[in-house]
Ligand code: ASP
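Let's start with one chain on its own, the form predicted on its own, as structure tokens.
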């Protein structure tokens, strides 16, 4: 079919709606959205790669750009790090030695979401998720079909393995040990599953737009086809343009059952501080008896932020914040920030 005669040609794309909503909010100011933080835009990214990620996204915000562009830029930085085991290529592998990626992006002005799960052979997973959000009516595309979609959008296919990940998988395979994904549920104590990290970035821009995104290569030794919490709205990440945003990291197989980032944002809507909301979301999971490592980081629309965790006694779990006052890395203790 000639593209000029395609029925899609006359449809309004989601991209035009997304960018149009941003333009409208910029033009109308507080008539459309609440004001940005008093100290200007803010970007928050999880874990120790957060400062480097924020450095990539901040120039966009400082120049008056959109939160959605800053989120993508920050997460791409982590996805392309050559030695980051838990995000992007060259790290976590599944039972058969393959690395697959999960990612999502959520745009506050339209409450729109794009996500990919079990994406193969494409490095910039969050950028593919953005294409799902902007170019289709879908929310989540998975597996080999997500890879085909990425190729259709112009992304290059390449191996997600490197020498480090291949060697690690070969050493694990030689032990002939089953994946801990086959173990009993981690309830009431016992061994916790192998941990993992997720890059999550939250932004409030100068126009008052809120955006959140996350990306991960998931759980070590996962069963092929497994999709974690990262591409699920309300699980791995969530935002609301009237309230703020939250991101999750840790054992997604447990955390996704509770939609903890949605819970966190709704608690902030009801008046809880970011730290109080994150703590309550974590405590709800612990109350069911789960023994796990995980954390929630929250950002309110006015620029306040906070976090809480379960487990990770020996891990430097924290997050980086950058705004007009400067850059800071904030460790999260047993009782929160």
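Note that the structure is predicted; figures quoted are calculated from it, not measured. Residue numbers count along the first chain shown, from 1.
Missing here is the form predicted together with ligand ASP; even so, the following discussion is about that form.
Listed range touching ligand ASP, judged in the model of the complex by heavy atoms within 4.5 Å, from 131-139, 197-205, 175-183, 159-167: That would be 197-205.
In the model of the complex, the one of 221, 73, 124, 226 near ligand ASP [non-hydrogen atom within 4.5 angstroms]: Going through each option in turn, the one that passes is 226.
Heavy atom within 4.5 Å of ligand ASP in the model of the complex - residue from 109, 114, 91, 252: Filtering the options by heavy-atom distance leaves 252.
Non-hydrogen atom contact residue 230 with ligand ASP in the model of the complex at 4.5 angstroms: Contact with ligand ASP, yes.
Touches ligand ASP in the model of the complex: residue 209 (any heavy atom, 4.5 Å): Flag for residue 209 set to no.
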